[in-house]
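Below you'll find only one chain, the form predicted alone, shown as C-alpha cells.
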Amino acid sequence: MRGEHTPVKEMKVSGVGKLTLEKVSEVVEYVEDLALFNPEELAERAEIELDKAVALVRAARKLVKAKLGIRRAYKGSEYARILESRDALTSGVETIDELLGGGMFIWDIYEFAGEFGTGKTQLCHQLAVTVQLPPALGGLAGKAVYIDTEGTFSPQRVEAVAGRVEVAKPLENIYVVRPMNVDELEETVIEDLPSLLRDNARLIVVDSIIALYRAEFKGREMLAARQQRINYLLDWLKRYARHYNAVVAITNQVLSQPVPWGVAMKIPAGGNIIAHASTHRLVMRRAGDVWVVEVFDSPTIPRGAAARFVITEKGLEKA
C-alpha cells in the first residue's frame, strides 16, 4: 500500500487514551499497518487491554478500507477483473513465466521446493533482480527483501544476473536480512518488514522457510509447536502480500515419500501447514544437463505441468 500514512498516535478512538496510543505506536507506527493485526496479537505485543485492542484494530481497518475504497464483498465478476488486472513479476526465464501463466502475480505465495543444487536459491537471486526492472520489461520497478535463513545470499550472483538483464546497481535495491533463529525471524517479519515494504519493496523472499524451524523444533513431540509457528509466519506474509501488493517467494526442502509402485517421491516438507499457505507449490529438480520446475499443486495451473531451464554463470535461462 503506497501513499501517505497516518501515525497511530494521531488516532482518535473512543475509550482509548493517549498513553495507550503511545504504547501501541512503539509496536506499530502507522494506522495502515495496525489494520493488519488481530486484536489478540496487538494486546499481547503492546501490553494493552483486549477491549482497547479491539477498538483500535477495528477503527484502523475502517479507516484503511474507506481510504482505499475497499468493500467487504464483491461480485464474482468484479473480483475476477481484479485478479486479472494484477501486476506480475517475470522470473527472467520465458519458459517458467509461461508455466506460471504470465509470471509471478502479486498477492500470491510461490513455494519452490527441491534438493540441494536444484536452483532454488539461484532463482531467488534472479527474482531479487528482475523485480527492479520496469513493468514494460516484466518487473515491478521495486525493491526486494531477501530473508536469508541459511547464509546463502551471494552479492556476486546478484551482480552476474543483473549484468544479463541490464539492471544497474542491483544491490542498492535489495534488503538482506540474516535471522539467526526462529524468534529473530518472526520479529523481523512482524516488526521490520512494514518499513521496508513502504520503501517500495515489491518482493519478499524467504530462503528457506523451514530451515530454522527444523533446527530448533526437534523431535515428534515438538512437531505441533513447529507447525503452529510456521503457520503464524506464513499468515503474516500473506497479509503483507495483499496489503502492499507484493509477491512472496519461499524456498522449501523436500523429503522422501515411499510409494507402493516404485521409487520414493520427493515432496515438499512442512506438511499441510505450508501446503495450505502456499498459493502455488512447485518442485525443482535436475534432469541430466537441464533443470525442471514442475507444478506440485496450484489452483490455476495443472498438476504435473513443467518447464525446463538451465543454470549458467548469469543465472537461470531458457533451456
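The numbering used is simple: start at 1 and walk along the sequence shown. Please read all numbers here as calculations on a predicted model, not as lab measurements.
A second form of this protein, the form predicted together with a small molecule, is not displayed here; the remarks below concern that form.
**Q** Since the chain is shown here on its own, which stretch among 218-226, 121-129, 235-243, 177-185 would lie within 4.5 Å of the small molecule in the predicted bound form, judged by heavy atoms?
**A** This holds for exactly one stretch, 121-129.
**Q** When the contact criterion is heavy atoms within 4.5 Å, does Arg157 count as touching the small molecule in the predicted bound form?
**A** So Arg157 counts as contacting the small molecule.
**Q** Is Glu150 a contact residue for the small molecule in the predicted bound form, using a 4.5 Å heavy atom cut-off?
**A** Flag for Glu150 set to yes.
**Q** Since only the chain is shown here, I'm wondering whether Phe37 would be in contact with the small molecule in the predicted bound form (any heavy atom pair within 4.5 Å).
**A** Looking in the predicted bound form, residue contacts with the small molecule do not include Phe37, since no heavy atom lies within 4.5 Å.
**Q** In the predicted bound form, is there a heavy atom of the small molecule that lies within 4.5 Å of any heavy atom of Pro135, even though the partner is absent here?
**A** Residue-level check for Pro135: no, no contact with the small molecule.
**Q** The small molecule is absent from this chain, but in the predicted bound form, do Gly117, Trp291 and Thr312 each have a non-hydrogen atom within 4.5 Å of it?
**A** Every listed residue reaches the small molecule in the predicted bound form, so yes.
**Q** Out of Lys65, His276, Arg58, Arg286, which one falls within 4.5 Å of the small molecule in the predicted bound form, going by heavy atoms?
**A** Only one listed residue qualifies here, and that residue is Arg286.
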